[in-house]
Each structure stands twice: as C-alpha cells, then as structure tokens.
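Next up is one chain by itself, shown in structure tokens, the form predicted alone.
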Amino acid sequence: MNKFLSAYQAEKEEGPIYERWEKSGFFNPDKLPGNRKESFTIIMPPPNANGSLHAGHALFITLEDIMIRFERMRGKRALWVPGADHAGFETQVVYEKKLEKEGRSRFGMDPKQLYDEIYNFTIENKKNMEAQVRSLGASCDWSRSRFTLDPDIVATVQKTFVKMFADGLVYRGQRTINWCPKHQTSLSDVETENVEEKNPFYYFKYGPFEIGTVRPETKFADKYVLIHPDDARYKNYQHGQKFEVDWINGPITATVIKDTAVDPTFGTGVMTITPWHSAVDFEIAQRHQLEIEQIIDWRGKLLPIAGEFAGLNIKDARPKIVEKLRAKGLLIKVDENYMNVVKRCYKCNAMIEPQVKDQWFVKMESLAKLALTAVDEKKVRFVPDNYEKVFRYWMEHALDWNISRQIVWGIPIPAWICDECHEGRTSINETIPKCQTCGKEMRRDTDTFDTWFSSGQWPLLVLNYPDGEDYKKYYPTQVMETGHDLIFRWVPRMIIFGLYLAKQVPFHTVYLHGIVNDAQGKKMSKSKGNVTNPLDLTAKYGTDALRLGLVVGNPPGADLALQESKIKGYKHFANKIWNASRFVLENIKDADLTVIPNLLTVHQTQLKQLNEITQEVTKQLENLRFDLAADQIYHYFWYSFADLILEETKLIFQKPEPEINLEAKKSAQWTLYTILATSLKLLHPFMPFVTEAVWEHLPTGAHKTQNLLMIEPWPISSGV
C-alpha cells in the first residue's frame, strides 16, 4: 500500500507491467487459460519499417488493442498479429534523402550495395518501431510477428504473381503509366495526388483550327486533329483528311480524326493529341492505330524532336515555346486564370509525367467484380457505413493496376524479359530461357513489385496461407482496422486477393479511423513544424492518458484534432483511478470478498446502476463505438463512483469503531470492491497500465480470480 501514498507514476509502472504481460505468454491465444472455442483475429496494418511511429500509428494501435483486450476478456482466442512493411517506394524515398545528405545518389550505385544498405537501415528502424509499439501497450502476439521481406513471404508473393499470369490476370504491355521524373519509377494511380492548380491556358492557331492546351511543351509531334463526328461546325472535314500546318519547328502534315471522345462544348471542340504523354490520348491512338512518339525523356527534359529546345527542362522550355509561337503569329490568346487538375507524386510532389512504358499490369475488371459481389452479399461491412459508397466507386471504376516499380528496394518480380520483341514470361526458378517469339535469350526482370501487391496479401501471408495451421484456424479474420485514406489503396487489394486465392473475404468488418491532425485541425507536416510525436506525450502524461485522449470524442471515420490539454486531463483521470483505488483498498482489508453480504438498499441501487453501465459499455464495444464506451465508463468512474459513492461511504467508515454499523460496513465494503473491480475491468481495454497496476494489489475474491487483469473474465453482472 505504500506505493499508493504518492501519485500514479506511469513512467515507473508501464515498463514492468508490459514485461509481465509478455512473459505470461497470454498475448499468444494458444496459451490462454480456459476452454476458448471462438476466435477473434485482427491483423495489424504493418507499420513502415523506415522511421518512428506517428500519431496515426498511436491511434490504430489503441483502437485495435481495445478490441483485442475486450475479446480476450470475453473468453475468445484473441489473436492480434503484428508485423512490419518494407514499404517499397516509400522506404527508398526515405533512404534517398539520407543519401542526399551524405552527398550520394542511388543512381550509379551497385544495386546489391544499395539494397543491402537499405536492408540494414530498415532492420534497425524495425527494432525501434517494434519497441515503440510495445510502449503503447499493444497486446499483440510477438511470437507470430512477420516482415514483408521474410523469405517465405517473398516466395508466396512471387507464386501469386505466377499463378495470376497463368490465369490470364497479369500481362506485360506498353501502356501509359504515371512516371515520377525525380525518383525514376512508375507509380500506380493511388500513389499520385490530384492537385487543383492555376495555370495559363494557351489558345493557338493550328492550320484552319484553333486548339487549346496548358502544356505547349508536349505539342511538337501533334499531327492528329480530333473532332467529334456529330459536330456540325466541322461537317466539311472528313475522317482521315490531311492538310499542311505551319507549327512550332516548321511545317507538318496533319490528319483529321473523328472520335466521340472529343467534348464539343469545351473550347472550340477541336483538339490535337499527344499519345505518349496522355492516357486519354493514348487510348484514342490505340483505337485508330495512330503513330505515337516520345517528346519528354524520363528525367523531364525535351528530346531531339523538340529541335532547338532539346535538353531543356519542360518548365524552362514552356515560356520559350510560347514566345516562339507568338512570334510566328500562332498564339491567339492566353487565359491566365485557368484551373486544372495536376497529378503529383505523393511523396516528393514532383509533377507526374505520363509516359508509355512496358510494365506488368493486373487486369482489374473481374477481380473488382469479386469484391463488389462480396459487398452485395454482405460478406464485408464498413464502419462507418458511408465508406461502402467510396469502396464501390473505386471498384466500379477500377483501372488495370501497374505493379512494376523501377526501384531496387522490394520483392523482385519473377519474370524474364525479351528486349528485342518486348515479350515477358514468368517463373520462380529457371535457367535463362529463350524468347518464344524471336528465339533470343531473355534477361531477368530488374523491376520490383508495387508494395501494395505484397501488402494486399497480408492477411493470407501472416497466417501462412495455404497450408498453415493458423490459416486453417484463424482465417477469415474478424476486423480490419485501418485509416480511411486506405479505402481505395489497401482495403480493396486485400479483399480481392482473399477472394481470388482463398475464395473467402479476409475479414468481415472494415473499421476506418480518421486522420490525426494538430490541435487546430490542420494536417501534421514536418515542413509546417506541427508534427506531434506520440511518445513525447506518453513520456509527459503516460500511455493511458494518450490512449483515452485518442478515443474519447473520436467516432469512427472522423478526423481528430490532437490537443495536448486533453491528454493532460486524462493524466488527472489516471490519478483519480489511483487515488480512488487507494481509498477502497484501505477500507476492504478486513472484508470477506467471497460471499455477498446483506446489502443496504442504497448499495443495491448503486450496484444496479453499475450493471446498467456494464451493459451499456459492453453494447458500445460490440458496436465498435469505442468513443462512446470510453466516455461512459470515464464519466461513471469519475462522477458517480469517485465523487458521489466514495464520499457517501466515507460517512460509514469514518465513525469510531464502537459506533460502526457492521452490517452497513460489510455492505459498503462489498459494494466498493464490486464497483472497483468491475470498473477496472471496463476500463482495462482503454487504460491497460493503470488498471493492471491497481489490479495487482486488489485482494482475491468473487470479482478477482486471476493475477493478471488482462485475462480476467469480462463483467456480466455485479452479483445483484
């Protein structure tokens, strides 16, 4: 009891408590006590192993730990599988910044040396990240922890690719891709950001027509004029008709193409196309079998076709090109306030340059239909449910997925390429094969997988699909908890791979949390200097205070403004729990806590209220409304129990020994013991450290049957 004389000291309690939990083995569901027939499984979204945890990590760890502790106490085989993601492109970007500071560049480095350096960097960060996950109280099964570059996981990912190729779901082809000129790799659509920007819109004379563009630097090879076939203004022009045009670097022969892709209401209803540098234009060129030509190289500079502008960066070249067209009398006007959407790299903000490149693609149409059918049949539900519409939109408009990345860091694509005729074939292990088309030797593909290709299989991989015991026992899982920004990145891919490979959805519920912003509700950013390190907050106020601060007032899907004052307030609540517990422990020393005594009416009423709170908190946890459950038990403990009930019982205990009513004392002791024990159980998923610290000193009785609170049965009734 001496430790209760001072305030609760989180910094002294939390480390030893976590060690007790981990040494107990109870994070492993196979070692939990009792006959547990029903399982409850969560696969942790693997944090990127390239840096420290941020506030968003703290939120998802808190939410998932609440679920797993609740279900563990409810007698289920609760499994929470941790892991770490090599994070492909993102990690290589982080390491490239490190190289820049050292005056080095990945370009020109030996690929193996670069891979080994990034590997060592990642493994070291992975250790730090896992220690941080532990410090947040995560009761996950570390004996099952996985890394996306574990050899067996790499092998399974590559086998999936080979299977998809054999099933006709993977192909290699020349198509428009999103190219980042800074990082020299292709990106999928979900790795780019659409940013609305103000750019000049130029109107030019193009032979007898007027055309408009925001990108005059792409127009050197424009020799096709598109018109809608039903546009009456141009009915005298025939499809395939040719005419001469004085253009940027001299005369060219242009051809009229009529296509319904043209919007007759936009501008003059006439457009030229640049198939190599526009996905829309590329599709038009494919339909009409038109020639395509590259204008901009892989580093964002103009090629020799640009004549005098060759070698210039497109930003520098644009005004010079416009000035030349002005001098030739071909510039009609400029709209300086035109707003258009520009694609940018989500990591470096460089403008994405559409390029045509041989890449590996996944055919998405049939796979997306699998996912939509699963949602139609209620095999997957979303919390909050409005995200079902978002999910449907992305699946109904799914584009073929570019899974090739021109980076070293990642899982190698198990394929062979013929540079002569661009043929591709797949295999896991094979001597150098001959091309089936031209007979020449093929080379091993040097590209790596888009990281979502491996992380999309994560629920299967960590449970050792297809033959592992965990897969047979724990798949499909119950809940996938993740950020709402992954509704179109990660969630669809997991559902698709689960249905394609295992013929079952990987989880039944998708719980989506919002973004953790700064105290003013603004997005955290290193450049803004408003990033809050969650571990700084736990050092000041304790992990329990941070956890409660992340949950209370934070409904599913909502963005959260992280306010330090709120966290500080919950530190006071942890002290309130500590002090209230001290009072109870001091006054139940001589009580028989195994048998219910005759209870006074007032105590019966108090225990009835406790039952109601227990039922309400349980209901909200079952409904995944962690915000409401936490708020209810917080208010009950502070205001009903600590402020009212404890004060009332003091009147009984403070009487001199001869005047104490023994019946009232026994009734009060049982009531306090019951309320404290039950409250600690209800609070435990949210505030595991302080509740476990108190539980260690709570006498064994009807409401305490285990030495560790984390495996104590969830309260059903207070015994009244």
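Sequential numbering from 1, following the sequence displayed. All values derive from a computational prediction rather than experimental measurement.
A second form of this protein, the form predicted in complex with the RNA, is not displayed here; the remarks below concern that form.
Peer 1: Is the RNA in the model of the complex near all of Thr213, Gly269 and Tyr634, within 4.5 Å of a heavy atom of each?
Peer 2: Answer is yes for this spot.
Peer 1: Please run the contact check for Asp627 against the RNA in the model of the complex: heavy atoms, 4.5 angstroms, yes or no?
Peer 2: Heavy-atom contact with the RNA at 4.5 Å: present for Asp627.
Peer 1: Tell me, yes or no, whether Lys650 is in contact with the RNA in the model of the complex, where a contact means a heavy atom of each within 4.5 Å.
Peer 2: Taking the distances in the model of the complex, the answer for Lys650 is yes, it comes within 4.5 Å of the RNA.
Peer 1: Taking the shortest heavy atom distance, is Arg72 within 4.5 Å of the RNA in the model of the complex?
Peer 2: Outside the cut-off, so no.
Peer 1: Given that the RNA is not shown alongside this chain, does Trp416 nevertheless sit within 4.5 Å of it in the model of the complex, heavy atom to heavy atom?
Peer 2: Judged by the heavy-atom cut-off of 4.5 Å, Trp416 is well away from the RNA in the model of the complex.
Peer 1: Quick one: of Arg493, Arg146, Lys219, Lys126, which gets a non-hydrogen atom within 4.5 angstroms of the RNA in the model of the complex?
Peer 2: None of the others qualify; the residue that does is Lys219.
Peer 1: Using a 4.5 Å heavy atom cut-off, which residue among Lys320, Arg444, His572, His422 comes into contact with the RNA in the model of the complex?
Peer 2: Flagged contact: His572.
Peer 1: Which is the contacting stretch out of 692-700, 20-28, 6-14, 708-716, given heavy atoms within 4.5 Å of the RNA in the model of the complex?
Peer 2: Flagged stretch: 6-14.
Peer 1: Check each residue of 563-600 against the RNA in the model of the complex and list those with a heavy atom within 4.5 Å, in sequence order.
Peer 2: Stretch hits, in order: Gln563, Ser565, Lys566, Lys568, Gly569, Tyr570, Lys571, His572, Asn575, Lys576, Asn579, Ala580, Arg582, Phe583.
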